[in-house]
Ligand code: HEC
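For reference, the chain that follows is the form predicted alone, supplied as C-alpha cells.
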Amino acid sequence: MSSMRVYFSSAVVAASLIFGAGAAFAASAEKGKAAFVSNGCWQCHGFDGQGSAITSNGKVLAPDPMPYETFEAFVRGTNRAMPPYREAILSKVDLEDIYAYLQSIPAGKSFKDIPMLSQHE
C-alpha cells in the first residue's frame, strides 16, 4: 500500500510541475501578440509589455512576466485601474497565448552592449 502512495504522490508532483507551473501549456506567442493588440493591452502596457510613462497604470509585463497563476488571477479579478477580463471576454486560450507572447519578449540590451552609450571619452 505504501508503494502505491509513493507512486501516486510522484504522479501528482509530476503533474503539478508540468501543468501547475503554467509554463507547459501549448500556447502560441504569435497568437498571443495578436490577442494582446486586439484586446487593447498595448494601450497601457506598450506593444512589448514595457509599460507606459504616460499611463502610470500600465505596468511593465515583460520581459520575465510574473508567474502564470498570478498573472491569470490578476487579469481575471483585478479591482484596480485595469478592468477584469473574465473568461467570457478573454478566453483561457487567449490568456495563455498572451502570456506566451510576454514570455517570448527578450530583455533589452544593456547600455554596455550599445557602442554609442558605452564609449568613454
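Being a predicted model, the structure only gives us computed values, none of them experimental. All residue numbers are counted from 1 along the displayed sequence.
Below: the form predicted in complex with the ligand, not depicted.
A.B. asks: Three residues, C41, L61 and M66; all within 4.5 Å of the ligand in the predicted bound form via heavy atoms?
C.D. replies: Every residue of the spot touches the ligand in the predicted bound form.
A.B. asks: G77 near the ligand in the predicted bound form, any heavy atom under 4.5 Å?
C.D. replies: G77: no contact with the ligand in the predicted bound form.
A.B. asks: In the predicted bound form, is there a heavy atom of the ligand that lies within 4.5 Å of any heavy atom of A26, even though the partner is absent here?
C.D. replies: A26 lies outside the contact set for the ligand.
A.B. asks: Is it the case that S91, even though its partner is missing from this view, gets within 4.5 Å of the ligand in the predicted bound form, heavy atoms only?
C.D. replies: No.
A.B. asks: Looking in the predicted bound form, any heavy atom of A34 within 4.5 Å of the ligand?
C.D. replies: It does not: once the ligand is placed as it appears in the predicted bound form, A34 has no heavy atom within 4.5 Å of it.
A.B. asks: So the C-alpha spacing of G58 and A88 changes by 3 Å or more in the predicted bound form; is that change toward closer or farther than shown?
C.D. replies: Between the C-alphas of A88 and G58, the gap widens in the predicted bound form (3 Å or more compared with this form).
A.B. asks: Can you confirm the direction of the Cα distance change for S56 and P84 in the predicted bound form, closer or farther than in this form, given it is 3 Å or more?
C.D. replies: Nearer in the predicted bound form, by 3 Å or more.
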